[in-house]
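So this first bit is one chain, no partners, the form predicted on its own, shown in structure tokens.
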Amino acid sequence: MYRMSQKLLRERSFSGRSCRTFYLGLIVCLLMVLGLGSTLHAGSWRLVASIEKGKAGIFLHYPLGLNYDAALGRLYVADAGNNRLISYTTDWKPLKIFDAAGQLRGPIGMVRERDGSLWVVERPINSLTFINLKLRKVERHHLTLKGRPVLVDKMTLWKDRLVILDRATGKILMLRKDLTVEREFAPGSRNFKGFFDLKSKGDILWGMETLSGRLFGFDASGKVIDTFVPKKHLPQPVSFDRDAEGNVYILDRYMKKLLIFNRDGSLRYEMLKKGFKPGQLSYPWEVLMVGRSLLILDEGNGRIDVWNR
């Protein structure tokens, strides 16, 4: 009788564990279908590097701009607090430091032309600065739009044109070679709040609206041909990017989080949190996709964290 009771007890225990495992699996599946278990996807990213210094070993001080040159395989960081630009290799090692012989003033962004010349935004003096490296020549330009100063902010090269964000009006401006405005990019909606970030992706120029996090995609004529609306309130979205599958990554400065959305605007998952350790955020400012790597520039912590999956 004792042996039989033990056997029945083991069978019942096994049956109980099987039921618990079954129902647990069912719950997880239901959560994932409903989108509640999607945070599990954040675990697919791993921190592989934290960029904190330049080649001379000097720590970054208020880094405010990222640019990746795919032709050279170089990452450029605008280190505003140290008045310098720094290039890094594809394994995120510091390569060169450039400060235009001490002439740079608070650079917050840059792009590199095909001939090797640079365009740099110097925020303290509101200059769109052209640097001819071969001739060692620096030219500063102060732009205007309809008689008013343009507050030059983020920029990119798109279709052989320099495209900038005017923080004063919230519009994206395409410039001619002589730096006059060739085209303005802004949706026609009355409640448009102005752009806060921009990215060029193939034939589409994307702008992210201030506060709402809405994205507007333009063709070369300035027509809106695609839109994205996040189905979650974002208190302070400051930067965005899109991956090859069309997923949208939005960095929120207030929440200290990176939020990843599906094409339809539904939230897939969130990652990162407030803190000062590598992989945590203080005052995040920019997100940039480089191949399969995800770069997060954190102004407050003075570093760029690199995540791979």
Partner chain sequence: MKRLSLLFGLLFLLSGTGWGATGRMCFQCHPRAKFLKGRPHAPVAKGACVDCHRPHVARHKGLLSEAPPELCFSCHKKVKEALKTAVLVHPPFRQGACLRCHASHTSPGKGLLKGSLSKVCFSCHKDLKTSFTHVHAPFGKGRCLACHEPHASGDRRLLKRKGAKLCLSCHKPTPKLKKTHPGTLETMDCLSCHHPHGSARKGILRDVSHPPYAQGKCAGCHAKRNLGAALCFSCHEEIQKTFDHFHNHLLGGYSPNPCLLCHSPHLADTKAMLKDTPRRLCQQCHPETYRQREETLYSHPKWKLCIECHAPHGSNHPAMLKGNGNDVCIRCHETQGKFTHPVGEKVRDPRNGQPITCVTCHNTMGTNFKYNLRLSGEAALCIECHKNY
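Note that the structure is a prediction, hence the values are computed from the model and not measured. Numbering follows the first chain given and starts at 1.
Keep in mind that the form predicted together with its partner chain is missing from the display, and what follows is about it.
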| property | result |
| --- | --- |
| Contact test in the predicted complex: Gly170 vs its partner chain, heavy atoms, 4.5 Å | yes |
| Partner proximity in the predicted complex: Phe196 to its partner chain, non-hydrogen atom cutoff 4.5 Å | yes |
| 4.5 Å heavy atom contact, Gly102 and its partner chain in the predicted complex | no |
| is_contact(Phe192, its partner chain) in the predicted complex, heavy atom dist at most 4.5 Å | yes |
| Full three-residue contact with its partner chain in the predicted complex, heavy atom 4.5 Å, for Arg136, Gly265 and Leu295 | no |
| Single option in Arg148, Lys93, Lys232, Lys177 placed near its partner chain in the predicted complex, where near means a heavy atom within 4.5 Å | Arg148 |
| Residue among Asn126, Ser200, Ser117, Ser87 with a heavy atom within 4.5 Å of its partner chain in the predicted complex | Asn126 |
| Stretch from 128-136, 219-227, 156-164, 232-240 whose residues place a heavy atom within 4.5 Å of its partner chain in the predicted complex | 232-240 |
| Sequence-ordered list of residues in 275-289 near its partner chain in the predicted complex, where near means a heavy atom within 4.5 Å | Phe276, Lys277, Pro278, Tyr283, Trp285 |
